[in-house]
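So this first bit is one chain, no partners, the form predicted on its own, shown in structure tokens.
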Amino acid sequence: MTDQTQAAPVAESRVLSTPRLLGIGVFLLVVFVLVPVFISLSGRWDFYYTLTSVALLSVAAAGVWLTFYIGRINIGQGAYALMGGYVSAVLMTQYGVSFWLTLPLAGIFCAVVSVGIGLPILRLRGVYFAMVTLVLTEVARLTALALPITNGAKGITSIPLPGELSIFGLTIIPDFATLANPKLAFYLMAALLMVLTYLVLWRIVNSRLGHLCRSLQQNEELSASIGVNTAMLRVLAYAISSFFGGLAGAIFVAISQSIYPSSFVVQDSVNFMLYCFLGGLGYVFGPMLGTLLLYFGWDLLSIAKQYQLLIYSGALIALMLILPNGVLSLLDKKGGSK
């Protein structure tokens, strides 16, 4: 893992080539058109929840990837997903705030909290930073158990579905409670958020900010010596990462209509990291592919029963040994396989 985090990510070209634009078009067609058509024809409505979960988990994993991009191993994203979920739940159930307004508020809350946490801990590197972030998820869980506003171990239940979103009297998004199939609406919302998240992530990487962040990963001392504000960049990247985690957590709460201190645990934080490793730390869209493969891989291995975890772990180790730069490295031209 250490060698992989030290390798400089190969950012996608700033100007998308025709094949890539075609690939993006096909991807959008599959996600927004073909998948709903397939589910409608097959009657497998449960796929909506599965694919919605994949989309939201990949959003949180995108934030983890961004911290890897500045050379930090982040194993604490579950804490911010839990915070975002509780912020949204509390605002909706106790203060009557619209779900659509709680989304940005949950993300901003997590970003602000991450600044306070990040200022001291982002000075650490390698395994030391990783261990501190690993503790954050457990701290968030214990805090949720202790605070009266979170209702302790009972959690918050009976959270209403997202209501209508209208601008100047024009309905943009209908009330989910009035829809015949809210699962489709949640899927489309999660898929849209996923697309927007990775668009923002790609834009960051291919901007001046992204180049400065990459310099932190390659040689932080050298970057500081030429005038780069390394402390500000670290905190900014960590805040953006946490913002993504808060958004994902808030939408998960709307789907399940409940949240508990155990809704996001340490295992989830570890999984967010694994999604990045499997997809490829050198590729912006690596976490998306990693999430899809690991989520479905775990479900498919359920037929192995008591050997499920053994096979799953063994397959992960084998993949990281065979493809240390992630699955997307198979498409790298330098490897001659594209």
Partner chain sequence: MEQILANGLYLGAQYALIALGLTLIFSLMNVLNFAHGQMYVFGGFVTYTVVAQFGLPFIVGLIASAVVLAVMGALIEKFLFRPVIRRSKRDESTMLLAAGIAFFLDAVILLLFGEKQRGVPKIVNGVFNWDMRLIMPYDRILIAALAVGLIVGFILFMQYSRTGRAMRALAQDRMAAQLMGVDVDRYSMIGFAMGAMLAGLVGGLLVTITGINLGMGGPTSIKAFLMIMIGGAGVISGAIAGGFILGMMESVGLTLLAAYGDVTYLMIFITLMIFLAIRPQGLMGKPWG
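It should be emphasised that the depicted structure is a prediction, and the values quoted were computed from it without experimental measurement. Residue numbers count along the first chain shown, from 1.
Note that the form predicted together with the partner chain isn't included here; everything after this is about it.
- Across the options 142 to 150, 100 to 108, 207 to 215, 239 to 247, residues that bring heavy atoms within 4.5 Å of the partner chain in the predicted bound form belong to 142 to 150.
- The closest heavy atom approach of Q267 to the partner chain in the predicted bound form falls within 4.5 Å.
- Interface residue remark: L309 is counted as part of the site for the partner chain in the predicted bound form, having a heavy atom within 4.5 Å.
- Of the heavy atoms in A130, some are within 4.5 Å of the partner chain in the predicted bound form.
- Using a 4.5 Å cutoff between non-hydrogen atoms, S313 counts as a contact of the partner chain in the predicted bound form.
- Using a 4.5 Å cut-off to the partner chain in the predicted bound form, each of R123, I317 and P324 places a heavy atom inside that distance.
- Screening L293, L274, V54, V31 for any heavy atom within 4.5 Å of the partner chain in the predicted bound form leaves a single hit, L274.
- The partner is absent here, but in the predicted bound form a heavy atom of L136, alone among A254, L201, L136, M92, sits within 4.5 Å of the partner chain.
- Contacts between stretch 43 to 77 and the partner chain, counted in the predicted bound form as any heavy atom lying within 4.5 Å, involve F68, G71, I73, I75, listed in sequence order.
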